[in-house]
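A single chain comes next, written as structure tokens; it is the form predicted on its own.
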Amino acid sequence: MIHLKGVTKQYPGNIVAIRNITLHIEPGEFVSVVGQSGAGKSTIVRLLMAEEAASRGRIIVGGWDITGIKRREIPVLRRQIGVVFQDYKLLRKKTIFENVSFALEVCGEPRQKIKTLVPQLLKIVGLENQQRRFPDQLSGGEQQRVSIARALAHRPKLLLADEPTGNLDSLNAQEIVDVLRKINELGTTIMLVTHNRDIVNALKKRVITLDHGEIISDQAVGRYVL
């Protein structure tokens, strides 16, 4: 599903965010990428989304070599990758249903398909009874679940979750992880980028640890030990 081969990202001023990263994530895996702030975790997410280009190396997502991806191809790539961020990025004046349906509308999906699909997505994240509410009427955990439903709108094979529990208390954070685990069990590959030690250790899944832009550990059933 994901291949990074000798990937380096360097910024002006000789600032190296990640250095010579090589990793392989199989379809259907649930992988946590951990490390302290500045370790390079979010840089990997931006490279996988083609938000930034690698300085060196190759990046392959779902069999597609995106190393030299053309600008016009980026929207096609992003419809194949669901992304969830720490801040929910919801449209405050739209209902929960409208927030999720908007991701489909902008791609020209038929209205009838949207009416059928959105309730299914909200059911996956446990919000099927909240469709007419607005984001400000929901808890932080519920808002994050809406953003997850939206990320699933195009049935991606890969879901990137970049610090999805960063703004949540421990109870809501665990609920988000439970939703991600459920999505993974349905067949979606999950990359969870986090610094939450408790969540990672409770998952008992593969853990890749970054430090100063390099992989220092890759454990099949790992713990966050930094």
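The first residue of the shown sequence is 1; numbering continues from there. As the structure is a computational prediction, the values presented were derived from the model and not from experiment.
What comes next is about the form predicted in complex with a small molecule, which is not displayed.
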message: Under a 4.5 Å heavy atom criterion, is G57 part of the interface with the small molecule in the predicted complex?
response: no
Contact label in the predicted complex: L192 to the small molecule, heavy atom within 4.5 Å: no
message: I'd like to check something about N167: if you look in the predicted complex, is any of its heavy atoms closer than or equal to 4.5 Å to a heavy atom of the small molecule?
response: no
- request: Decide whether T67 counts as a contact residue for the small molecule in the predicted complex under a heavy atom distance cut-off of 4.5 Å.
  value: no
Heavy atom within 4.5 Å of the small molecule in the predicted complex - residue from L203, V207, I25, A17: A17
message: Just to confirm, with a 4.5 Å cut-off on non-hydrogen atoms, which of K157, R46, R197, K182 contacts the small molecule in the predicted complex?
response: R46
- request: Select, from the options 170-178, 29-37, 183-191, 59-67, the stretch whose residues sit within 4.5 angstroms of the small molecule in the predicted complex by heavy atom distance.
  value: 29-37
